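For this one, two forms of the same chain are given in structure tokens, first as structure 1 and then as structure 2.
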Structure 1
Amino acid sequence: MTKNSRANFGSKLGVILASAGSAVGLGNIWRFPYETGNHGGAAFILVYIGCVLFFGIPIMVAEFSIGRHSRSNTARAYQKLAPGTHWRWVGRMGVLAGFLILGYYSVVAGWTLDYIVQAASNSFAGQTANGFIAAFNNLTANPWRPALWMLAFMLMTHFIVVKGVEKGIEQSSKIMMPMLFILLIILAICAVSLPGAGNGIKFLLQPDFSKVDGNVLLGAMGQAFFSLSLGMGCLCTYASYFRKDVNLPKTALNVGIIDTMVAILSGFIIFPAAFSVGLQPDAGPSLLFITLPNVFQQAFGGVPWLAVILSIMFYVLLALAALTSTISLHEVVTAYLHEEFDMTRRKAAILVTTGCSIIGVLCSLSLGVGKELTIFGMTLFDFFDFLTAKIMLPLGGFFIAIFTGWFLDKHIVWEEVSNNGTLKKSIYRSWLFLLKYVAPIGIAFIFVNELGLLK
């Protein structure tokens, strides 16, 4: 593809929905409520919103600026903006992070498809809490069933990416993001109408500032960083398809608002439903695949058809959230191969799908029959999660802030961020201060905290 024939998003709405889809994922629906539950309810939400505004959005604008000005994939972007320097490795690290994350993330995404089928077949009916635990453990330990669902999810992602930027990514985002919000609202209405749901709503909205300490701030910054998909090349790659009339700060603000709304709406599903049946939210897969099926069964089991419908809707919601993220991760690597190695888009996508499917199968097996094979004491699944989430992404975000704030030509930065001078200089200076000083220091604290060096 030549520079002049490079694809673009067809509309500003498509830009916002596709970028928001990249940010919205499974982490919004399980990690955010879990962090909220552990860190003072509404107090954590207020701190988190502050971190999004003063920490996440400045870096997002920086990533957008790098992508749009370079009009290139993440790896080539830094080569074009800083030729002959080592900055190119920041872009390449983003591509590698996207590749590895897509490999293991698709395993969890595949579980959502399995649970849609289980919900539709009414397999949850009559199960006890121990039954849900056993069912989930049987799924993850099975040598072929989760791998097949992972491959099915990978193929869904592949076919959307192959169709291209406007007809594939943009059109799918325009369908999936509204569907996701509709499902969130319906499920939230059902959850808050349950007997005893008021305690969950109170917990979500009534701040407990006694729990706010340094760990809460670090937790909120980490959640904002990972929730917004910063440092993995997705936003930079998508921005390379932005037209010149796209207002970057406004787009970043809209993405941050949508991402936060999804997280908070998820809280309105999980907290009222869990509190109504006397359960506390938990972390990770156990929340999505053990606790919540139990909640649906206890809360709505008296009306079997309603329990089935709401269970299906919830796991469809999870699948949509996962799919909008896997599409962006796939596109990061596909664009890189397509442009750097002069491949057709279809061939590049096939290579990405094949490579990530191999990683996905190995990660899936590492949770069952292959769990004895470890790297630094971690299963392959846990190792890739640690390598990307705790090392590669924080480093990527840190260097994006340093590159844009300190190294990139200030005229390029002003042109991109100000939308050719239409942004007030006072707002621009405030953004630049946050990017140059606040964001790198915040990321550095997150990095050392995630590695356990502050404990």
Structure 2
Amino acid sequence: MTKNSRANFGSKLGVILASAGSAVGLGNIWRFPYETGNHGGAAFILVYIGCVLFFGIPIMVAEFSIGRHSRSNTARAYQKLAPGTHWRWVGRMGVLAGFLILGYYSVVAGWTLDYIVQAASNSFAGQTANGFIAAFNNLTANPWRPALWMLAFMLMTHFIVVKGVEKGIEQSSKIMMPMLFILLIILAICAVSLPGAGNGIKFLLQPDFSKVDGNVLLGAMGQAFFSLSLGMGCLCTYASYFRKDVNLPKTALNVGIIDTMVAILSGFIIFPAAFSVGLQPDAGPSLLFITLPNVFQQAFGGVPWLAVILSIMFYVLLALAALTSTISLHEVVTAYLHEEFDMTRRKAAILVTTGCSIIGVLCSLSLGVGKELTIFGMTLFDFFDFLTAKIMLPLGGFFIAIFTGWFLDKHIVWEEVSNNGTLKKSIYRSWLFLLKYVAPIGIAFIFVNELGLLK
């Protein structure tokens, strides 16, 4: 792919699937449940849905518009639309965020590979909940095993990105996403019918608003940006490959709905199962990995071959969902290096893979031998998660909203968003209102509130 012959996504379905493939990943199935568990359940979910509706989807439309109109990587996009201004730093911050996220995200993606092997070797059979906790701690404390899986995952991502946009991303999303969705539904049905699952369902559906504080707001906002792949130019880069006839608001709405459904569905697997075996909902990043084997064990333990097949399928699909997200993260940084520094895509991709692997190894070690080394009281892994999801992405989203809502030429915005003038004016105006006022003020409020300046 050269600079002036950028690739295109082949079909509209491909566009939705690739964007949803970026959005749906460990953020929904691993991160959403543990953040929900850490922040008290149902009330967090409601705040989260509010963030998706009022910040997420409007900002996604803005990112799509910037990307498709400029037809370039996220940093160049701002340079094209606002030459000679500092807006390009928004793009650059996005690239940096993508680089850091890819580093620690691949660690978790690596765990899913390890769990495929564990599932295939039937090592869940006959275990208790405590056994699953021990197995997880064993894995993350080991200096080699998770780091090697992380590297394996990074290399898979690397080769798909080097192969190019259309073939790699689009083809893979088409089959995997629907399969994952069906399996999640099956698992949710199993989980809610476990004995004692009722308390988990209550945890998801009975909001306790007295628990909503600055921390919950920041957590929900960060989760919304992270899960929707927003605020770092990821969907902006993807949109630079969209054709002109793709309906941007509709695509954003579809992605938002699919992404939220997968997250909530995951909640309906994890919490009923956790409460059923007496696991704490606030176990943090380990939650998915210590809870899920219980579901396979309890629901299908009586038919061992079925338990093995379903658990392998689940971890394979989870790894693939993570892969469509790591591809999108990698693509942002690769496209940036390739187009800004005049290097081949291959060389750019090698640099990204090497850099992120170093971050990944450090993050992986920080959960075991490097536990003592903390930044602001957090392990390196937790720190990168906090810095990117809770600070950089919402900050990026804030600037994207301001840029598109206040700065960008309204003819360009209308041209991109209206889908050749077919969008109702009233919908356009409501969207613009959310983008100009609601999103930036809301994001700023949450930041300021969390910094304790509003006491």
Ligand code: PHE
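These numbers come from a predicted model, not from an experiment. All residue numbers here follow the sequence of structure 1, with the first residue given the number 1. Rigid core (definition): largest C-alpha set, two forms, superposition within 1.5 Å.
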query	finding
Form selected (criterion: the form predicted in complex with the ligand)	2
After fitting the core, Ala224 CA displacement of 2 Å or more between the two structures	yes
Shift of Leu139 between the two structures at or above 2 Å (CA, core fit)	no
Threshold 2 Å Cα movement between the two structures for Pro272, core superposed	yes
Core-aligned CA shift between the two structures for Phe203 (Å)	7.4
Rigid-core-superposed Cα shift at Gly40 between the two structures, Å	9.1
